[in-house]
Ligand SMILES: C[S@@+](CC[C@H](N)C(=O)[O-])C[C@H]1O[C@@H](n2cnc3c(N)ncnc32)[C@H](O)[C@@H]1O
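A single chain comes next, written as structure tokens; it is the form predicted alone.
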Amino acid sequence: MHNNPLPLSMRERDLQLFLDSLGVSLPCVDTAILDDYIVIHLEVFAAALFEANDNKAVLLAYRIQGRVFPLLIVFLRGSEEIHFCHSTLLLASYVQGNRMANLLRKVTDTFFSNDMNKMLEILEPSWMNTPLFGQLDCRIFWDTKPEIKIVTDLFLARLGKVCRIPLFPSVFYYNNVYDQNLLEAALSELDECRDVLVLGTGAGLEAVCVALKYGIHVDAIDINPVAIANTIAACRRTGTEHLVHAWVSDGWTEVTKTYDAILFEAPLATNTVDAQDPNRYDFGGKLLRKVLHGLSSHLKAGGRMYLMSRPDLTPFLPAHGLQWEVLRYFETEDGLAIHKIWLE
């Protein structure tokens, strides 16, 4: 008689989403192979998401009792000062029980008990003899909760609790002043909408809030596949997965519908060359200009976009076709605003 596999916990399911978004495939179960560490090289696009040096990053896993458990993603980052970075994937507990969790913690501790050069040799021989300036844990934040009042009030009203929404590496932290002001300005104006798009969904907080408040269909897109995985995880945690459809799209490239409302927390247009974080900065405003020039094709009659950006949109708007107003300014060091944009 064969033992039925135990169901995956919520965290294990979320972790699988994260690994899938990176294109990682774990080896199949094989009880004939002895327990040992396994190193899996990530694809270049996945390493780039972590801003890894030379686009090299590896997944360290451990095969035990025929099953492969992911432990950490490891990469080097930095130029003048290079850091040994690891994204810890070890879950707080496994559905297999405390014994399995303890075994995996032990093998993780054993790996880190090696001297640094030995670890580098196991992970990626080309990293050996690299002068390092310490370690950084770019981990998954499993226990993060929304802290924005408009969100917590909505969660308590609809769900009776404030759910934990994980935050995956390379996804922008959702408890921020940008999300707060966009939701405060836009959420109450969507009561007559039936089709809503969140452009640049990030961790999925805006999509979840619209779906929870109105029970309507929400599409969510992002260029980062990890952000799509994060959005799906957020929907699972809040019971909105039947209302939200999320997929990868570079701006409008994979969007074919028109919408009653579009929410977009835009990366900030900047001319500063050293502002490299694509979650926060849009060099030359190229993305904002591209989005606004294609907006007319994706709004229904009477539809509108709610945009978080700098106050002056003039350099980025097409010459004709759109009208706009500022719904609110809010104080940060950058001077930002929430805009409402509609067809002329």
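One-based numbering along the sequence shown. Treat the numbers as computed from the prediction; the structure is a model and nothing was measured.
Only in words, not in the display: the form predicted together with this ligand, which the text now covers.
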Option touching this ligand, based on a heavy atom within 4.5 Å in the predicted complex, out of 219, 124, 179, 260: 179
Interface check vs this ligand in the predicted complex: of 137, 250, 109, 115, the one with a heavy atom inside 4.5 Å is 250
Assert contact_stretch over 69-77, 126-134, 154-162, 202-210 against this ligand in the predicted complex, heavy atom within 4.5 Å, equals 202-210
Residue 87, heavy atom within 4.5 angstroms of this ligand in the predicted complex: no
Residue 224: heavy atom within 4.5 Å of this ligand in the predicted complex? yes
Are any of the heavy atoms in residue 60 no more than 4.5 Å from a heavy atom of this ligand in the predicted complex? no
Contact test in the predicted complex: residue 172 vs this ligand, heavy atoms, 4.5 Å: yes
